[in-house]
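The data below hold one chain only, encoded as structure tokens and taken in the form predicted on its own.
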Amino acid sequence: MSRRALVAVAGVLGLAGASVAHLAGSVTAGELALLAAGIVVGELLVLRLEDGSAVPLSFAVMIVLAASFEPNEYVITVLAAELTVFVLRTGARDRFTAEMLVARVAVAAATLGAYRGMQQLLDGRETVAATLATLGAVALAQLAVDLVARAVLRLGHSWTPRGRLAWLAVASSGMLMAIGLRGVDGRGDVGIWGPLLFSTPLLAAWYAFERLDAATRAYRQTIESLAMAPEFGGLVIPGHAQRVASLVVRLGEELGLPRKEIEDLEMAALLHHLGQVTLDDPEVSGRPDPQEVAGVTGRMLREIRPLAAAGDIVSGEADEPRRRLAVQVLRVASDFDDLTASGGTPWLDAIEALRSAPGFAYERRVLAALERVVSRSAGS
């Protein structure tokens, strides 16, 4: 079933449950049914981030539930909704894994705990300042627990530049939705229409993130297509660019490089042989000089502003220490793949060959990181 169909099913079930509860005379049950449907929909409509992970809109609904209902009602509603999502998305392309369920439960627990804790700390005061402080603390607790859970369960990063915008949209919308439902000090509430009204900016943010994600994927696919040009021309061995790109990402993480530096490194790895297609036919002129290829590629990439940093890495023109390290990472990864993929050299022998290169061609810490990364891959 498509995501659109699942959203429609969740919405219909939520409205049906609310209608039944209303006819039975239970306003609270009707509101909980709608908010449970909101959590399900919020797990299907997510704000997608650069690394493929996502911040779900359901976190905003959790803030509403924690601020407006009793703990037992909160726990039952959230667990029922998350388990429903787990069942609905089992077997789907973007399935809801057990690790994701654990992370959601952890965030849900932090949401309720932070709200109740702030209520006790502020002696249950209902002023505007106290309400905003409480809801703000809840949003910060969600962020902190989500970051920790993602790191422990290896679900990606949510504190990227795009992730910070996603969290701002979710937190601010959740606070507005909660105030709309419960008001402040018994005044200003508009009932269940409050969350529905204040969900509009959040849905607009979701649409914007979807368009941005589509553009990002198109950009990535274009880069990967360009990376294959030297392979189609028989200038490099098949899969070289992809293998080097995967290796430099792991090396960058092992060496503690910033996320932006790793992204530039990955682009540089994918395109580091692109300039070779502009040179003379190697069958006629012989194997081109690697420095010449790097220089041509670097000049090409620097003409494209988003790839200028990658161009500096490919050409080796780097002044900052971190950027010089990135240059080394690319060279080590590319030469290692040349030895192991095209030459058939065992990986231990390839690393020793790089260590024995004359003139201290490769930094020892990069080679040490390479050995750790490759040994882990070989042992897994």
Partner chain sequence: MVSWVGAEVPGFLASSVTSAIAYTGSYALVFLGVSHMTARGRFSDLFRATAPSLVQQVPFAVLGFFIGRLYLELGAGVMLLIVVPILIAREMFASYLRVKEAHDETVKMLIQALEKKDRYTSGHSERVAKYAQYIGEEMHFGPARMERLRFAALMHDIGKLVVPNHLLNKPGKLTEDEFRRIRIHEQVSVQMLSNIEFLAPIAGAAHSDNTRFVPDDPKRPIEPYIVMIADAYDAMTSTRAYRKALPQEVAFQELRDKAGVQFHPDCVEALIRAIERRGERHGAGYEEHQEFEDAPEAGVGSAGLGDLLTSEA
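Note that the structure is predicted; figures quoted are calculated from it, not measured. Numbering follows the first chain given and starts at 1.
Same protein, other form: the form predicted in complex with its partner chain, not shown, and the subject of what follows.
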| property | result |
| --- | --- |
| Within 4.5 Å of its partner chain in the predicted bound form, all of L168, A208 and R217 (non-hydrogen atom) | yes |
| Of Q221, N72, T90, Q120, the one that lies within 4.5 Å of its partner chain in the predicted bound form (heavy atoms) | Q221 |
| Residue (of A109, V277, A133, V145) lying close to its partner chain in the predicted bound form, criterion heavy atoms within 4.5 Å | V277 |
| Contact test in the predicted bound form: F198 vs its partner chain, heavy atoms, 4.5 Å | yes |
| Close approach of S172 to its partner chain in the predicted bound form, 4.5 Å, heavy atom | yes |
| Interface membership of L155, its partner chain in the predicted bound form, 4.5 Å heavy atom rule | no |
| Non-hydrogen atom contact L176 with its partner chain in the predicted bound form at 4.5 angstroms | yes |
| One stretch from 247-255, 76-84, 190-198, 111-119 that, in the predicted bound form, holds residues within 4.5 Å of its partner chain by heavy atom | 190-198 |
| Residues within 4.5 Å of its partner chain in the predicted bound form, restricted to 219-235 and counted by heavy atom | Y219, Q221, T222, I223, S225, L226, M228, A229, F232, G233 |
